[in-house]
Structures are given as structure tokens and as C-alpha cells.
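Form predicted alone, single chain, as C-alpha cells, below.
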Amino acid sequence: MSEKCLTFLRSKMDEKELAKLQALDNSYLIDFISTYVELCNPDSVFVRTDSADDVSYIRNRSVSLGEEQKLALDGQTIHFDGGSDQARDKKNTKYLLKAGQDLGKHINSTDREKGLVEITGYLRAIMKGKQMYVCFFCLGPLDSEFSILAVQITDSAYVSHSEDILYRPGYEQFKKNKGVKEFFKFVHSAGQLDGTISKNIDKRRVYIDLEDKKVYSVNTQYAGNTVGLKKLALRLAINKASREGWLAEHMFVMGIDDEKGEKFYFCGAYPSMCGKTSTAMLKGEAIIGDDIAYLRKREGEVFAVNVERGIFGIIKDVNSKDDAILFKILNGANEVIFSNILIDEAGVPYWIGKDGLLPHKGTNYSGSWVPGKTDVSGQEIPPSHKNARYTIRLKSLENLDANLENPAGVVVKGLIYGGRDSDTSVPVEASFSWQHGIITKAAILESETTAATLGQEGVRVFNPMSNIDFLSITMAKYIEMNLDFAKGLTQAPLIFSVNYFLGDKDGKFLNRMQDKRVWLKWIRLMADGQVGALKAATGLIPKYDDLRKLFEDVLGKGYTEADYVTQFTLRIPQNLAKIERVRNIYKEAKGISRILFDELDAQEVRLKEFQKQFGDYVSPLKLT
């Protein structure tokens, strides 16, 4: 560290905090931190090590500043984002690209030099009057080939506290990796505040600089825009994985037992609000992670880890019947950060879908709330936002798998892709092969929009691998990566699709919420050949007798042949329309492999052959 840099840092931090930085013995890291201390101009700097005292300092600081408020139960707090800061801001989340770089029309970007000038202007002196927090984390288990080190700079104690719950500590990992230069960097400021809420939402920006492995986030507090190690880090990781031959995916990791208790591990990719967390938390199964996974190949098998150690989950409709384990955590004396829900005068939390009656008044993200309260446009304000969240540590869960911190990861037996699809896909289906699965289950995934992102709900959106929002490479490269990942494997994991949202003509769901437990058990049994399947035009579907037995064994209820026919009828017109929609999208993209079009063409031929033989709607009872 130069004497000039040392003198400057002493003007912003005391000797204790400076000593924490010096102990890392990494001039590259300290230069990075010093650059943003100078640019953002905080009144002081706190350096968070892995110590319990430092963790407590930030947690208590968030409460003392009003970024979080204590609730009735010990450990529980509530954080409110502003009414216009309730979801990921897709429009203003952009990659900074040099002239000539092009990631494709589905990936939002801006000129790198112009973007850096803009974001630097926003960051200049943005922390004046505040304290800066410098925090060190590790993505993935410690001391692992999966591990990626990261540094978060922020002026939000709430963001720092959230990341402590969600991610492994990284200060000692930086010490072990003395002088490391490659790590992920995140710079965030909530900006000027109106009370505790980001004021200049019109200047909300989230910019990703792939060249410098750095993410900037300003004038926002919503965690999806600010907790750098979550989806922002996923963008950096996808780019890194593309260069190194592994996968960074928007996937849960969970263990599913057969009736003998033998556990297999699966990864699953679903867009937000499509049942991903509730699947990872299924009763009787074991959770490793609910959101982001890194996958690597070793000795002919696929291994996966959970990038995180906590859950930032959607709380809407979490109840004691369908989410018993999670409900217990959220209603006990555990460390929980609630965001954008309703609290009553006694500090008891409420949300849409929670057991019991709502209070007659309380406080939510809109301020003081009573039933019937409307916003400026006359729309009724719900008691909690549809995208309201909770943040918890996985170790709080009684169904946590013992391999969460296993540096080697777990062997993956199958990949599951699911979206919100009201009229096309059957509840569960296996692909014919790895290639067929990657193309027809993953690369053509569509999902109807929800409250998890800003914009209109209920619109069918193309979302390959449930990862389009986070791609930092072209779609052509991403599909190629996934296809090539099977090379060298002794036996590639099976690939499945699920759809919990199939409906009838009146919009009523044909699946009940707990039916997913049966679909997942069938997936587990398929993974080692304990059940057979019927060959449809789009993949392999369950046999009725197998499902009838599983409904009895797993849920203790009957399953009629009529329900089976309704749920697993092959809807040929809708499937053909989907192929046409997606084919047209890929025709406009550059460099897409011929393999994709060949696989879509082959599926279209099968569908038309079935249509000629059976008609537009094919009962599973006609398949053998």
C-alpha cells in the first residue's frame, strides 16, 4: 500500500479498521477499496471481518439507523422498500459493453464508457454523511474448487446484514488466498434517502462490468437489485463458467429419497414465483439450496453446490399446511428479515396467504395501512406486496441436508426445468436424451410473468433455462455450453420438465399444491429405473398405475383415472404453437446451433404424426 493511499484511508477509518485491511496483505484489493472510498466519500468506513462482533455491529447498526425494525419475536426484523422499489429493475439493469460487443437483443446493455461515466457521476460523494461497509464473502462452500471470493461495498447496513445471512464469510478466505487478484466486486449505494427509503428511483441503475468483474448498483434498496452476491453475481459467474467449462445456474439443489430411503440429488431451474423454493422445501425431502447452483464435472459425474447458505424467498401464500417447516421458522424466535409485509401494532408480521385473520390496521411498505387503502391511481393496496420476502439462514431448517457445506458438492442425478404454463405442458415429463432435454425442456422454456419483476403480470415470456435475465454471454454460447456439458460424462443426468400451473378453460389449476410431492417422487424413481414411462411426442410421461400408487403412498389420497387423463393429455395445438413461437425467436438470434432447430423440427414431426393418428388432444391412455 502506497503512503499516499495509507494517508487517505486514515482520514476515513480509524487504525482498527485500517489494520483489518492491512492484515489481508493484498495491494490490489486495497487499491479497489480505496478507489471507491475516495469516489463515494463516506464519513467513515467499517471493515467487516468474519468475527461475531463485526457481524453483530452491522445487524445492530441496521436497526439503529431504522433500515430494519425489531419485531415482537427475538431475532426478527422488518425492512421496507419504497413503493416503487419492490422488484428487480430489468429496464435499468445493463451490461457495460465495448463497441462491437453484442450479447443479443434479449440482453440489456449500454456502451461501457458512457455507462461508466454515468455511474461514476452518480457515485461521486453519494455516501457523504454515511458510513461505508466493506464486507468479504465466499460464493460456494469454503476451501472448495467451487469457491469464488467477493467483496461488497455498500452504505446499507440492511444489505450487509442480508448478505451475512445469505453467504459464507470470506475475510479469512482472502487471507488464505494471499494476494488474490480475481474476485467479484460489488459497489452499492442506496443514494439519497427519504427517511430510510431510496429517494431518486428515477436514477436507479444496476450496471454489470464483465471486463472488471464488477457490479454497480445505485439509488435502490430492494435486495434483488442490491445484494450483489445474488443474481448480480450469477451474471458474473455465468461469464466465468463459459470460459472455464462449468455451469452457473438459476437452480435449487435438493435430495429426494425412494421408499428404501436411498437419496438422489437433483437440481431444478424455475423462474421466480413458479414454485422453486417450495419444491426445494418439500416435506420429507432434504434441501441444500433453493436458488443458485454451480455445477462441475469430475470423474464422469456432475457435482453441484449451493452458492448460498440462506434463503431470500417469496413469502406470499406461505402457510402452516403447505409449508410447515418454513412456517415454523417464520413464526419462531429465529433470525429473520421480513421485507414489505404488514406488521401490527404489537410487531407481529402478516402476509398474503398467512394463516389467520389480518389485523384491522398496521404498517406496510405504503406506510400506515388499513383494509381498503388505495394508492394514487386508486388501486387497492394489499396488506403485503406480492413480491414481499423473507431472509433466513438455511441452518434454521430441520430438513437441511448434511452436505450443505461439503466442499466436494453432491452428485447430480437429474435436472428439472419448470415454468408457469397455464395451457401447454403436462405436470411432469422426462426427456428422451440429454440433447432432447436441453433443447425441448430447457432452451424453449416459457413462463407467465409474476410480481417478482417490474411490469405487467400474466404475459408469456421466453426464458431459456430460467436464466435469460442473468445471461452474460450470447444465447448461442449458453445453449452450446449446456449441450457440451454432457461430454465426458459416464452417464448424463436425466432431464425433466414440471408444470404446477396447468389450468382448465376457466383458469382453475389442475394440479393441487401438494401434488408436486408426487411428481418429484416419480422423478426420483425414474432416475434409477424403478418405474417405466409412456412415450409421448414430447417426452416420457408417468403411467397411471405408478402415479396412483404414489398418490396413496406420498399424500395418502386417491388419484382417479379421470384426473390423470385431464392432466396428462397431450395438447398438440398448444405444443406446436410453442415450437413456432420459440423457433422464430431463435431465428432472430445470431449463431444458434443447428442442433436446436433439428431437435425442434423432430419434435414438430412427432407432434404432427400423433395429431394425424389421434387428433389434437391425445389421452395418455392411448399411449403404450
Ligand code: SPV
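Each residue number is its position in the shown sequence, starting from 1. Just so you know, these numbers come straight off a predicted model, no measurement behind them.
Quick note: we don't show the form predicted together with sulfopyruvate, though the next part is all about it.
Asks: Looking at His79, Lys231, His385, Arg420 here, can you tell me which has any non-hydrogen atom within 4.5 angstroms of sulfopyruvate in the model of the complex?
Replies: So the residue touching sulfopyruvate in the model of the complex, by this definition, is Lys231.
Asks: Have a look at Arg389, Lys441, Lys354, Lys413 for me and say which one sits with a heavy atom within 4.5 Å of sulfopyruvate in the model of the complex.
Replies: None of the other options qualify; the answer is Arg389.
Asks: What stretch, of 480 to 488, 318 to 326, 153 to 161, 218 to 226, brings heavy atoms to within 4.5 Å of sulfopyruvate in the model of the complex?
Replies: Selected stretch: 218 to 226.
Asks: Does any heavy atom of Phe312 come within 4.5 Å of a heavy atom of sulfopyruvate in the model of the complex?
Replies: Yes.
Asks: Consider Arg88 of the chain shown here, and say whether it contacts sulfopyruvate in the model of the complex, taking contact as heavy atoms within 4.5 Å.
Replies: Contact check for Arg88: yes, within 4.5 Å of sulfopyruvate in the model of the complex.
Asks: Please determine whether Glu429 contacts sulfopyruvate in the model of the complex, using a 4.5 Å cut-off between heavy atoms.
Replies: No - in the model of the complex, heavy atoms of Glu429 and sulfopyruvate never come within 4.5 Å of each other.
Asks: Answer with yes or no whether Asp291 is in contact with sulfopyruvate in the model of the complex, where contact means some heavy atom within 4.5 Å.
Replies: Yes, Asp291 lies within 4.5 Å of sulfopyruvate in the model of the complex.
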